[in-house]
Ligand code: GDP
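First comes one chain, alone, set out as structure tokens in the form predicted on its own.
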Amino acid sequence: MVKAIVGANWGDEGKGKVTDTLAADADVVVRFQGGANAGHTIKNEYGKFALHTCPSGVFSKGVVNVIGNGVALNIPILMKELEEIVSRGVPMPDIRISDRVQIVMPYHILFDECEEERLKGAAFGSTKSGIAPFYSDKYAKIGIQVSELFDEHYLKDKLYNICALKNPMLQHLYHREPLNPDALFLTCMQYREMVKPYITDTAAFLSEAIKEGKTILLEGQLGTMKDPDHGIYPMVTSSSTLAAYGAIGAGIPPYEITQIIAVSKAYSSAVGAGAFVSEILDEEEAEELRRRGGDGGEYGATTGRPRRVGWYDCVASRYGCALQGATDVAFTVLDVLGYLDEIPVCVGYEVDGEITRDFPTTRRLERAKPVFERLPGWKSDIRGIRSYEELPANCRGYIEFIEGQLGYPITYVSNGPDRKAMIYRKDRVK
């Protein structure tokens, strides 16, 4: 059985926690897209971790963790992550890296930094992890597949060609020193030694795992609103964040994905620029939610920068679940809202004097104003509750109101950062 765990919103929904929880009953966890530009924060018996490249199954014994061909692989960051988790008592995980995955090169990060600097006030809010330049090269057919590290003559010729293309822009647009292909080749040889033990034909491995009836989790990065086709373009990431891409980024047939868990926060948050209709504009009110949010506050796992926060957005979330093809919704960080007397929920947008419940394209979205309904809060700490029926009536009312707005079953309810803080609503399973 193949399950995809993906974000319904802007990212930072708690996918890592959901994957870590479900990995206990899985055989394989596959990271299928994105790079080290966003992190998954996980808290379990080993401690608190921020993963950027490792699949979130690395904490579960017996799980094979696959880095799929759709990932932007920053090899030094992966090695550093593995070293850190093992140094903190986690048994060395079983890691398999696709022989078709492409690698983030130092010049990708350099170009990312240079372009953000050039754009200044019009910048995209990049984490400067090299993601956009990486995917640009991939689709321009000048990316480097990890398997190419083992063909030295071919690799040297390719690096000279890459430098011939990139150096004029680097020197004349960004006024930086040119790239040295010989130095880049030495870097590639270092990368080769780092990843050599892990390189696998992961498409063949996953095909066999499917035949054997193994449980496979596909782990996505970010969420629907950051998808380059269907999100808030151009303030998006550079790889598809949708479950449909999980088949491509992992190398499996699309019909094998039988469950899609769209993860959605009980309130909204976003890192970086872009339209965010339900954002709390009162900074004192926003900071209160930000301070209480998540586990240790709403600050990016990769950048540490404060996230923008807002009330739950049913319009964006319904759209996000629809694009993901959600069979289930995992509703996270519900416990954070226990301090509120009443909780606003965005149920529609007003755009140019008209009310809509459909998610508009970016230019119209930027003119949208939220239409709120206010629900009573439950004014209590719900951490430690393990059954849905034990939740306060107003808390259940909040979940069920949003479930009705979404039109998708909220099957999982997370009421704390720990792995065990997850309520499973069996009655919602079709």
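Model, not experiment: these values are computed from the prediction. All residue numbers are counted from 1 along the displayed sequence.
What comes next is about the form predicted together with the ligand, which is not displayed.
Heavy atoms within 4.5 Å of the ligand in the predicted complex map, among the stretches 202-210, 311-319, 328-336, 155-163, onto 328-336 alone. Residue contact check for G39: one or more of its heavy atoms lie within 4.5 Å of the ligand in the predicted complex.
Put simply, R386 is far from the ligand in the predicted complex: not one heavy atom of it is within 4.5 Å. Proximity of R307 to the ligand in the predicted complex: non-hydrogen atoms within 4.5 Å are present.
The closest heavy atom approach of N9 to the ligand in the predicted complex falls outside 4.5 Å. Contacts of stretch 9-38 with the ligand in the predicted complex, defined by any heavy atom lying within 4.5 Å, are made by D12, E13, G14, K15, G16, K17, listed in sequence order.
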